[in-house]
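Single chain ahead, by itself, as structure tokens, in the form predicted alone.
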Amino acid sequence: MIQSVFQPDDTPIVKLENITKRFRTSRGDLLACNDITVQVDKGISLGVVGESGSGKSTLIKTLQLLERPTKGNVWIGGQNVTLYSEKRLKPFRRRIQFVAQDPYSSLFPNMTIAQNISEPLYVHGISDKKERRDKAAELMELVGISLSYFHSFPHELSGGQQQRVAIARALALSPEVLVLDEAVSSLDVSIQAQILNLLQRLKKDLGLTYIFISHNLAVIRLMCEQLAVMYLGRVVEQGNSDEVFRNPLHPYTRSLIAAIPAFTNNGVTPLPSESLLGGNRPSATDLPKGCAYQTRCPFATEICFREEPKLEAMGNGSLVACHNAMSASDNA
């Protein structure tokens, strides 16, 4: 049985502290992440949602230190690893593994399924060849891949099977956290359900924690206890997933949730013919003064054009960056 190496205590598995990430572009500096603080506790999975360009992928790359932050700190297991060299980071990378959106492009096409799964063990110098083969077989059975594919190559498998292989490979180092970047969006709907069921079982059996990036809020609601909503590099709402879905306070969060089709006795509730997000989104290289959402917000007032809202605690336990969160909620 594969088990997580995590030893439980009260220390967050991962904490991002005041993370800011800037990129130099020909059009000026792009502020991909702006003073973001989030933490991931054992067994409490985090969903990160937002439009394309909101900074989700940059945040996750920074969490894995694939991108170094311009400012702020990355903590893993209570240690500040922000300035660690690649050599020093290697044991910490074992604790957080990644599952990509496109399983085929994430696998080595010239390696067999067993070789793909056992490659992390080889890279980290764990076990001998026979033990790595045995571990690959164990992982294949764990994720529901027939051992008849042991010597097959990725192109011989379906998309759903390829994603199971990618998950098995991510589990090879017995991580505490799996980072899943749109991990089911490229799959057929029926296959998505199978992969999500697999992930739920693995979370329970192995004590895993997930960080989910997804445009599909239904997936986030199913898989994650905590939710962070990003807009143009900032977290604008954060809290317990059930509470945020039940009572979203930021106008942007409400627009995202309103765009989820609802199933009723009369069929699927149609979405509005016009976008729920009115106005124009500002350029990430030329953000307006004040609230970045001001150009699309129907509740914007004078202070929204003058002061950038801070992420503050609300009565429902959520954190919201909106000057008019409560009044806007009353008028929703």
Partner chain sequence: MNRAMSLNSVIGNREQLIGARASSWRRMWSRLTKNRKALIGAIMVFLIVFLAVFANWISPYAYQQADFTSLNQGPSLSHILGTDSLGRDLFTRINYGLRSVCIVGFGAEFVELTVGVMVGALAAYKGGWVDNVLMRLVDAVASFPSFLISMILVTMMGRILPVMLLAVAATSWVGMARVVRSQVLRVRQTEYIQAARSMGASSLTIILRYILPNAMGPIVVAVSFGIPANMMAEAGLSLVGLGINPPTPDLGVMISEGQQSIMSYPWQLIGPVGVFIIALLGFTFLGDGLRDMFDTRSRR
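Numbering follows the first chain given and starts at 1. Computed from a predicted structure; not experimentally measured.
FYI, the form predicted in complex with the partner chain isn't displayed, but the following is about it.
Just one of Asn80, Ser105, Ser158, Ser185 comes within 4.5 Å of the partner chain in the predicted complex, counting any heavy atom, and that one is Ser105.
Only one of the listed residues (Glu243, Glu225, Asp205, Glu138) places a non-hydrogen atom within 4.5 angstroms of the partner chain in the predicted complex, and that residue is Glu138. Each of Arg93, Ser148 and Arg169 comes within 4.5 Å of the partner chain in the predicted complex, counting any heavy atom. In plain terms, the part of the chain that comes close to the partner chain in the predicted complex, with a heavy atom within 4.5 Å, is 126-134 out of 234-242, 126-134, 205-213, 69-77. Residue contact check for Lys42: none of its heavy atoms lie within 4.5 Å of the partner chain in the predicted complex. Heavy atoms of Phe153 reach within 4.5 Å of the partner chain in the predicted complex, making it an interface residue. At a distance threshold of 4.5 angstroms between non-hydrogen atoms, Asn110 is in contact with the partner chain in the predicted complex. Taking non-hydrogen atoms only, Asn34 never approaches the partner chain to within 4.5 angstroms in the predicted complex.
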